[in-house]
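Okay, so here's just one chain, in structure tokens, the form predicted on its own.
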Amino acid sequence: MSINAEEISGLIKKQIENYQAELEVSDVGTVIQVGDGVARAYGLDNVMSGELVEFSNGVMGMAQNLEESNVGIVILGPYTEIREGDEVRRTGRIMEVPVGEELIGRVVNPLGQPVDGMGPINTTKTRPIEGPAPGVMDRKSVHEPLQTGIKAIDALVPIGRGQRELIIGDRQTGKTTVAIDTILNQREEDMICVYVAIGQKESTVRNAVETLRKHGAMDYTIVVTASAAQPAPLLYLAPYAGVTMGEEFMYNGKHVLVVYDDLSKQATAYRELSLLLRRPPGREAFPGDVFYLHSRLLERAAKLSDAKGGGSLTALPFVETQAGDISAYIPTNVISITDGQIFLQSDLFFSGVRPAINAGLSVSRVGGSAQISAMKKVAGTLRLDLAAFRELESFAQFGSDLDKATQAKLARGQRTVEVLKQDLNKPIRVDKQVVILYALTRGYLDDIAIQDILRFEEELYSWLDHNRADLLESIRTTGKLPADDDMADALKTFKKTFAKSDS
């Protein structure tokens, strides 16, 4: 076999022609310390704050502390397999989550991975979890009501689309119930809901998801969960993941409601992370930027201007108080960022007033602009009546002789409290709320026994559906209160039938 020199040189030339110099430069560091969900790495000189890094076993981390000699990394996943001396490399990406219609109806973790056992989610789009809030000129003042279906809120502390309304109270006072009922009421409101459960028990989240599924609310809801068993970084990231998923819809001109349940647990998780990263502690051992933690999250709620599509993102952050102390560090921080608060009081809750909303301490800074005209008219004096009743109630306990006017005020106050009570998972449409509040404020309930008020209300709704659906339709479509004669006629006619069934 003879070797042909030309053939060989031809082959070499061909190889040289096809040769491509591919130079890959990657920043690689070495883990020098690991423990408690935090790693320190040496050698990642150019890493950016908040950048994702990858450990040699595939677990991701997020660069947090950029120090002169090393980088503090929070580990987003199991850290027991990561060892000192392991390689860690930059990815050049910042933390992002999948977004889009495909997530609706699913339960995901803060990384956007499904945890509901219903298979993978085929999304094509992602968004970074940290993003700038809409600017001043991109916003519009809040003017559309967000109907919660809860009489005490829609009448006394109305919420508007694009608002941030804090729900605050001790544990076990019905905070989550308020959020779930609000989500259930959005079925006919063309609204997408995101429920973010932070540090909850997995059984609690499961119950909430089952309630939403039973009432058909999962058709427009995304649930993001970082349970109590998850590492602190995931609890810290959960609200940002939730708001990012919601923002995708907001910037496409849709209306979104995001519930953060609750931010106290996120602050605690962030405190844990910060202390492990050896950041200096401040008041109550929280780091100095704990205010920024919540402000940069809640500022992303907005009602966008028409030029930006007119979408909205409404935030309902929760904060848990200890023994009703709303002047503690985290509660005062969040109160100062939000547009009002709904205070749930344990005394009211245990005395059977549910939802246990304290009308005196609850406020909505958007107020009447987030109410339909009909509701504004019937609920105008309600807050004052309730405040006057609470004051008189303490005097009446002493059993002294009361004049007729005071007795009438007390009687009206007791009926107001009774009307504002509401059963679990039974949101009420705004048109029906207007009718019952009209009946209350115009004195149609004054001669009804207190124990019969709830039955009166239920039968009134049923009677209206069958006999005066036009009245409800008029309130719903125009937002205005029908003529007094119409309302009076309907209520008087119903009262005759109610008196018959009562006897």
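So that there is no doubt, residue numbering starts at 1 and follows the sequence shown. Model, not experiment: these values are computed from the prediction.
Not pictured, yet referred to below: the form predicted in complex with a small molecule.
Of the heavy atoms in residue 340, none are within 4.5 Å of the small molecule in the predicted complex. Using a 4.5 angstroms limit between non-hydrogen atoms, residue 170 touches the small molecule in the predicted complex.
Using a 4.5 angstroms threshold between heavy atoms, residue 424 counts as touching the small molecule in the predicted complex.
At the 4.5 Å threshold, heavy atoms of residue 329 stay clear of the small molecule in the predicted complex, well away from it.
Checked against the small molecule in the predicted complex, the residues 416, 227, 186, 176 give one hit for a heavy atom within 4.5 Å, which is 176.
Interface residue among 412, 294, 255, 354, judged by heavy atoms within 4.5 Å of the small molecule in the predicted complex: 354. Only one of 234 to 242, 329 to 337, 97 to 105, 346 to 354 lies within 4.5 Å of the small molecule in the predicted complex by heavy atoms, and it is 346 to 354.
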